[in-house]
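Quick setup: one chain, the form predicted on its own, written in structure tokens, and binding and motion questions come after.
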């Protein structure tokens, strides 16, 4: 294992819609023996709403600078936060003039490009490593899983740590834990419609329904994901989708950190599995 301590960037949904993702991330890293140091006074990454790249760079330069002062790489469970942190990181490292301009906005933004931003899935599979993960697993997941990567983990290619067109790291992690990956490759990188939720909920619901239907048709017991916006749409809004489209879906949706936590023998409540909108009790009965 090549990592023992990291700066933790939880992201804005961590105390609200993605509390279960935050809880499970902390529990899993604790079990793996990796210390997470939550960044002091971190700010929003800009999410999907901030379109001006200069503002994105400024917002994330501050976060990067906070971690750099501690001499720690940043890890985040949110795919959108990862995307914004790493695209800013790459831009700032490559452009001294940009670093100067950002520092001119706020002198505290003195980032020198000495650290990396990483997503939890990257850390699990490439830093902790499959052998170390397997050695700490005490349970087997007899669960059929549809791994849903969403839009941001593989796009753009410059920030991707997996195959942008056919990502596999989540698949491999599920299989490592004893789970079965269902046929889902045509759907696993489609957009859930989350960015449209506030303006065109009808389109957003249709897009999410397509993903949920595909998982059900493939015989999945659940969908696993790594993005709080996707979690809000597929899990938190699933009842609204059913009502709006007059369908019955009933598809449990969990974060990959929750599944990994179950395989590591962590208590379900500590993983926040009692906070998911769609009931997860049937999944727990398949963990042996």
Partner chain sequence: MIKTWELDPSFKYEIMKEPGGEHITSCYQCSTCTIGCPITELVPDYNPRKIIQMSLLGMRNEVLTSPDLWICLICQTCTARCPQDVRISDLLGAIRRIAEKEAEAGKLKIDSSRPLFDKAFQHQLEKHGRLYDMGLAMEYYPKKEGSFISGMKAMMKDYKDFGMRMFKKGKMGPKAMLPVKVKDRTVIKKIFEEMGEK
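Just so we're clear, the structure is a prediction, and the values are computed from it rather than from any experiment. Residue numbers count along the first chain shown, from 1.
Missing here is the form predicted together with its partner chain; even so, the following discussion is about that form.
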Margin query: Counting any heavy atom within 4.5 Å as contact, can you tell me which stretch out of 259-267, 217-225, 28-36, 49-57 lines its partner chain in the predicted complex?
Written below: 49-57
Item checked: 4.5 angstroms heavy atom contact with its partner chain in the predicted complex for residue 102 -> yes
Check: Do residue 71 and its partner chain share at least one heavy atom pair within 4.5 Å in the predicted complex?
Finding: no
Item checked: Non-hydrogen atom contact residue 158 with its partner chain in the predicted complex at 4.5 angstroms -> yes
Check: Taking heavy atoms and a 4.5 Å cut-off, does residue 124 contact its partner chain in the predicted complex?
Finding: no
Checklist line | Stretch 25-45 - residues with a heavy atom within 4.5 Å of its partner chain in the predicted complex | finding: 40, 41, 42, 43, 44
